[in-house]
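Let's start with one chain on its own, the form predicted on its own, as C-alpha cells.
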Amino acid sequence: MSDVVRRAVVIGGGIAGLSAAWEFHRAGWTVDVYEASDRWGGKILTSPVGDEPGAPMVDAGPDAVLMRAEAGRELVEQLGLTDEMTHPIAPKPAYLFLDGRLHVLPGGTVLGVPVDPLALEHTDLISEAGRDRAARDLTMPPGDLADDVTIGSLCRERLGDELTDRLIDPLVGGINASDIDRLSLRAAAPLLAEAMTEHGSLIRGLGKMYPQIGAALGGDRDESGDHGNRPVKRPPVFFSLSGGVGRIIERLTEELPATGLHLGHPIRALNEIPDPTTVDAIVVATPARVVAGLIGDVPAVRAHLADLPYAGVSQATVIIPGQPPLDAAGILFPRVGGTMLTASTWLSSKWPHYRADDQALIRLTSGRYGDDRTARMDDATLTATLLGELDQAVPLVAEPSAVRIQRWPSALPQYEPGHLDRVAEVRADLVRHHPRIRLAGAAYDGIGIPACIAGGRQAARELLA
C-alpha cells in the first residue's frame, strides 16, 4: 500500500487552497485544484495601475505579511522567494485623521490599547478626560471572560468610549473592515482576551506581555523614543515581496503540476468532482456560503456557515504626479470621523520597490461592515469621493495620472461572538460525516495571509496523517 499514489482534491484556488495543494504535492500525492474563477489567488491579486507600458504592478489585496507569523516566512523560504523579501521604510507606521487634522499613531500601544498609563501622555488624539477614563482599567475589578464578548463591549467597559472609538476601532476594526461592537474578542483580538484572562486588566496585562509581543499589531514606541524612552530599533513587523504579494501565488502555481490546476472549473457539489472514486482526501477552501452548498448534509455546516456575514471593500489605487511623499506608511480614518475612506496606504512611502521622487502611489480603501455606501457608487464617483476625503487630510497637488479600481464584494468574514466555538463544532461534525474532508480559509483560521497558509497546510497534514 505504501507504493500506491494517493490523490487529493482541493476546491478553491486562493492562498489557503494552494497552500494545502503544496503540502499534498510535497508529500508525493497527486493533487487536483479546482478554481471557479479565471485566475488563482483569491483575494491576493497584483495588477498594474494604469495602462501605460511599464505601469507599476501593485497589490490590490493584502500588501504585507506579518513577520512574526512563521507560516508566511516558511512558505516564502520554501518557494525560493527569500531574496525578494522587502520591509517597510516609512519613518512612522501611520497617522490617524480626526478633528480635521493628522495625529501620529501613539507609540507604546497594542491594537490601540496603551501598555502603560503614560503611553498616551504626548498625544492630543485622546483628551485628558479620555486618558483618565482609560486609566480606570487599572483599578476596576477583574473582568469575567467566561463567555466570548465583542471587542467593543470589553474596551468600552474597561477603557471608555473615547479611546475605543478614536484608537482601537480604526486599528482593529480597520484590519477586519468590521464593527468592533459586533466583532468577537477571542477570534479577532486574542491578545486582548489573554491580557484580561491572565491579568484582569487590559493595560496591566499588555504591559507585562509587551516585551514578548513587541510591535506586533498596533503601533510601537517610535524611533525617537516617546515618553522618555531611549530610541529602540526593533525588527520589522511586516514584509512584502518586491514583485508584490502575488509572487507567492505565481510560485505556488509554477511549482504545482500544471495537469492538476483547473481554472474556470467550479465544483458546486461533491459529486461534481471528476473521478470521485479515486479521491483519498478533499480540502474545501472556499467562502463559507460555498461550503454550505457543497456539504449541506452536515448539520453544523448548514447551521453556521450558510449565513456567515462578510464585509465588502472598494478600493481606488492612484498615481498622483508631483505629490510630496508622506512620512508614514499611511493614514487611518476612524469610523467616528464619518468618512467613507477607511485607510489610505501610501505605497510609495511604505515600500522601497514603489518609492519615487516625482509621484505618489496611494491606495484608498473604503467599506466597513454595515457601511456599503461606496459599493453602490460607479467608478468615477468612488474615485472622486475618496480623493476628496483624502484631500481634507493631505492636500493633493494634482489629478491622478492613473487609477485602478478594485472591488471585493465579500472580502472579509465577520467573526461574531462565539465564532471559534461554532468553527470547532463545524469541524467536529464534518469529521463525523465526511472523515476525509477538511476546511481551510479565512472563515475559520483568521484573515491574514499567514493564518490562511497555516490553515491550508494543517488541513492537508491532517488528511496526510
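Residue numbers run from 1 along the displayed sequence. It should be emphasised that the depicted structure is a prediction, and the values quoted were computed from it without experimental measurement.
From this point on, the text means the form predicted in complex with a small molecule, which you will not see here.
- Between 60 to 68, 430 to 438, 393 to 401, 24 to 32, the stretch whose residues reach within 4.5 angstroms of the small molecule in the model of the complex through a non-hydrogen atom is 60 to 68.
- Remark: Val49 does not count among the residues lining the small molecule in the model of the complex, judged by a heavy atom distance of 4.5 Å or less.
- Although the partner is absent here, Ile449 is a contact residue: one of its heavy atoms lies within 4.5 angstroms of the small molecule in the model of the complex.
- In the model of the complex, the small molecule sits within 4.5 Å of a heavy atom of Ala411.
- In the model of the complex, at least one heavy atom of Ala442 sits within 4.5 Å of a heavy atom of the small molecule.
- The partner is absent here; in the model of the complex, the one residue of Gly243, Pro287, Gly200, Pro88 having a heavy atom within 4.5 Å of the small molecule is Pro287.
- Proximity to the small molecule in the model of the complex, defined as a heavy atom within 4.5 Å, singles out one entry of Ile405, Ala36, Leu420, Ala55, which is Ala36.
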